[in-house]
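A lone chain, given as structure tokens: the form predicted alone.
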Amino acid sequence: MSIPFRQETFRDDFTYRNSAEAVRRFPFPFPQDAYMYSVNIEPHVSVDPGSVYEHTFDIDEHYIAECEDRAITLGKTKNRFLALPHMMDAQWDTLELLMTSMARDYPDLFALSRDGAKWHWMNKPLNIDQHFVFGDTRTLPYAPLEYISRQGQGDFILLDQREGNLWVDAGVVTTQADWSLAFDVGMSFNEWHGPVPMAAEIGVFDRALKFLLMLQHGAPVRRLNWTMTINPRLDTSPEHYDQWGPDRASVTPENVGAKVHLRVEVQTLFRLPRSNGVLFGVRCYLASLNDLVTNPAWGQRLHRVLRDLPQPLAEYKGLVRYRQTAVDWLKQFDQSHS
């Protein structure tokens, strides 16, 4: 497998771009012309060769650039990696899951050999050649979760199961859509999702929690979530709102196609074997409106979704300031023009 990794940035001059292939495999999140928050959970199994769902953890053309951006964020901002002391087994569970999955699915890029507790990990794209002892944190340059998260795309949150609930007790979070690990660590599942409007009233999170408490090892699940971002910026954290918040006022009818990006999260959940915790992976994909309208069906549907989005959801997703500009621009790609 040969992946043409791109040299690009997700900040400052924003040189991030999608190839035609990246647009083709983009996980467009709308199965119909209207959107309402839902659980939409399905088994995380391999489907559609070449799609983002082919492998357990998707590696694409943005891999090196995303890892570089994560390293910048971790270096500049405190508390983007946090782990409560009782989550060490879950950290090692996560390291094992990512290493074994990546080595199996991308053998030309990653390699893992194991001799009891003596492990040898090779990451060719990032030029990493690491011998370490599994279970011994002294043999890695970072804590296990941070070490392997620096080599993955998306965020990784660890949930501890106790007292009939799931608790956000560890994570590496640098590509989030306006939420803070430092604020949310230690919260229960319902507390963590409390800000989402309308969903609690229709019982979405109660159903999701009940389902996830029964999640079995070896039977991971996935779902899609979405929002929008101005410029292809990965780090839209509350801690850095002063850097990205003002961008919302920069959208005009002339630049909306290039500036406004649909931000889709492929969220995966895995039961971990030793700790009995749950790994919550949140992989972020970005595509500009210009990218999306190259698929006529997507351009038409996105127009209708944004046009008819309930106001509380538009406010929660931070779309209010530029939604009408985007809707007006997308209208030209909707054959109904209604």
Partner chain sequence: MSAMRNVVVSRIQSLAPGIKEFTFVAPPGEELSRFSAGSHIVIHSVLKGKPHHNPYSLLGSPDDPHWRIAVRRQEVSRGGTAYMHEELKEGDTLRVSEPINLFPLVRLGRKYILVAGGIGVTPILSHAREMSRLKMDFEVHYAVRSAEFLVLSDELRALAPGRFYTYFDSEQERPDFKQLFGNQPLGTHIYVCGPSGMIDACLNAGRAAGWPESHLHSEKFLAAEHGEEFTVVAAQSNVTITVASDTSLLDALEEAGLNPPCLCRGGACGQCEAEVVSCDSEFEHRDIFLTDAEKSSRKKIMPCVSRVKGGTLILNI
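Numbering follows the first chain given and starts at 1. On a predicted model such as this, the values are computed, not experimentally measured, just so you know.
There is another form of this protein, the form predicted together with its partner chain, and it is not shown here; the text below is about that form.
Just one of Lys124, Arg162, Arg104, Lys76 comes within 4.5 Å of its partner chain in the model of the complex, counting any heavy atom, and that one is Arg162.
Residue Asn276 is the only one of Asn276, Ser46, Ser51, Thr294 with a heavy atom lying within 4.5 Å of its partner chain in the model of the complex. Its partner chain in the model of the complex is not approached by Tyr142, whose heavy atoms all lie more than 4.5 angstroms from it. Residue contact with its partner chain in the model of the complex: Ala219 places a heavy atom within 4.5 Å of it.
Although the partner is absent here, Glu96 sits close enough that one of its heavy atoms falls within 4.5 Å of its partner chain in the model of the complex.
Interface membership of Trp119, defined by any non-hydrogen atom within 4.5 Å of its partner chain in the model of the complex, is confirmed. Not one of Arg24, Ala71 and Val266 comes within 4.5 Å of its partner chain in the model of the complex, counting any heavy atom. Residues of just one listed stretch (251 to 259, 225 to 233, 207 to 215, 148 to 156) have heavy atoms within 4.5 Å of its partner chain in the model of the complex: 207 to 215. Contacts between stretch 32 to 70 and its partner chain, counted in the model of the complex as any heavy atom lying within 4.5 Å, involve Val39, Asn40, Ile41, Glu42, Pro43, listed in sequence order.
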